[in-house]
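Taking the form predicted on its own, here's one chain by itself in C-alpha cells.
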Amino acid sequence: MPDGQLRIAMLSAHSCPLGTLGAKDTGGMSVFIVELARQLGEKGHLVDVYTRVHDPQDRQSYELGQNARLIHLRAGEDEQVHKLAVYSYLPDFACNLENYRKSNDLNYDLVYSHYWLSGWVGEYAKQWWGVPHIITFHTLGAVKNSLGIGEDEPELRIATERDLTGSCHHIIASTEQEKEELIRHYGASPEKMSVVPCGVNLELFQPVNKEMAKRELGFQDSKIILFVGRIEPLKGIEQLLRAVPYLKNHEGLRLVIIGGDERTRHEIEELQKLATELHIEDSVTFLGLIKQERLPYFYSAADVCVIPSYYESFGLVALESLACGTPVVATDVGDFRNIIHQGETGYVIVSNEPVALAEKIDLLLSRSNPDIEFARSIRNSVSSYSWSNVAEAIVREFRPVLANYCLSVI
C-alpha cells in the first residue's frame, strides 16, 4: 500500500447513492457520498461504497471514478422498500458484505457509515475487521421528533442512534449545531466528534446567463422563485406556497418546485390542492425530478432560491444555488447562517412564517437587473466549499482516529 493511502469502506445500506436525486429517500446524503468517494479516490485513497440492491437491473459494481466504486449487496427483495423495513435486512447485508470482502480478498483501514441503519452494520464490520468505525448521521431522529412535523421517528431509531454515539470510534458532524444536538439528545462525547461542512461541485454548478437560462427552460418574462428538494413536510413547502399571495406586486411571478417521485404523489397532490385554495395554481409549477446536470440552468434562471425547511442537516441546495450565482432565502437551520452572507448573498430568517418569507423574497425580487458580475460575486462566497477541500478535511479527521485505534490495540 502506498505511503499514506487509506482503504475505506463506506456504507449506505438503505439508499443507493446513485439513485435519482430528489426522490423519497435520495437527497443530500447521496450527493455527499458520491462526491466524497470520488474526491478521496482522486487523492489516491481506495474507496468502496456498499449499498443494497434496489432494482433487479442493478449491476453488482459501478465505477464512481479513479480508485472509487459502488458495490451492490443483496439484502431482502431486490426492490425499493421503506427505509425502516431495511432494518430487518441488515443482518443479511452485513453477512453479504463480509462474504464479498473475503471472496475478493479485500482489507480496509476503516469503515465509514452514513445514517443510523448503516451504523448498525458498521458496528459489526469494526469487530470482524479490527478497524475503527466512523459515522456521519446526516439527520437525527430525536431532532425530527422534537419538531413534531410529519411522521414520528420510531424508538428503534432513537435507541440505535444513542447506542452508536457511544460505541463508534468517531462522529463527523456537518455543523456545530448537529454536534450540539448529538450531545443534548444522546449524550455524545465532544472529544469523539468533529465538524466538517459539506461541499459543492463547483465544476457542475456554475452561473449560466439568466436570460439565456430562462429561454432554455421556457420561463421568459417571468420572475422565478425556485424550490429544490424532497417533497416532505419537514421541507416547509406549504409555507412557501402561503408566502406567494403576499408577492402579488411582482408581474409574471412563478414558483418552480423541483423534486418528488411516484412515492410522494399524495404529498404533491396536497400541495397542488393548497395552491388552488390560495388561488395561485396558475403561478406554481411542479416539475418532479430533474437530472442533476440540468439543475444549473434552473438555479441560474431563478431570481431567488428559497429553502423554507423546518430542519436540515446541512443544506446542500443553498451551496448549489449560490455556486450558480443565485441568492437564497432560508430558515435558520442546517448551516445556513454560515453559508449565506446576510443581505449580500441572501437572507436567513428565524422561522418560515409566510409573511417573513415573503418579505425577504420581495427584497431580492425587487433588485435592479442583476448582471453576471453580481452572480460571480455570489459564487465566490462559496468557493472554499469544494469537495476536494471537504475530502482533505475528512482525511485529517480519519488519521488521528486511526492512530489512536492502533495504539489502543497494541
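Because the structure is a prediction, the values reported are computed rather than measured. Residue indices: 1-based, along the sequence shown.
Heads up, the form predicted together with a small molecule isn't pictured, but that's what we're talking about next.
The stretch among 109 to 117, 310 to 318, 262 to 270, 242 to 250 whose residues place heavy atoms within 4.5 Å of the small molecule in the predicted bound form is 310 to 318. Put simply, Val49 is far from the small molecule in the predicted bound form: not one heavy atom of it is within 4.5 Å. The small molecule is not shown here, and in the predicted bound form it never comes within 4.5 Å of any heavy atom of Val34. The closest non-hydrogen atom of Gly41 lies beyond 4.5 Å of the small molecule in the predicted bound form. For Val143, no non-hydrogen atom is located within 4.5 Å of the small molecule in the predicted bound form, even though that partner is not displayed. Checked against the small molecule in the predicted bound form, the residues Val228, Ile280, Ile224, Ile172 give one hit for a heavy atom within 4.5 Å, which is Val228. Checking Gly150, Gly76, Gly288, Pro207 against the small molecule in the predicted bound form, a heavy atom within 4.5 Å turns up for just one residue: Gly288. When contacts are defined as a non-hydrogen atom within 4.5 Å, all of Gly27, Gln292 and Leu295 contact the small molecule in the predicted bound form.
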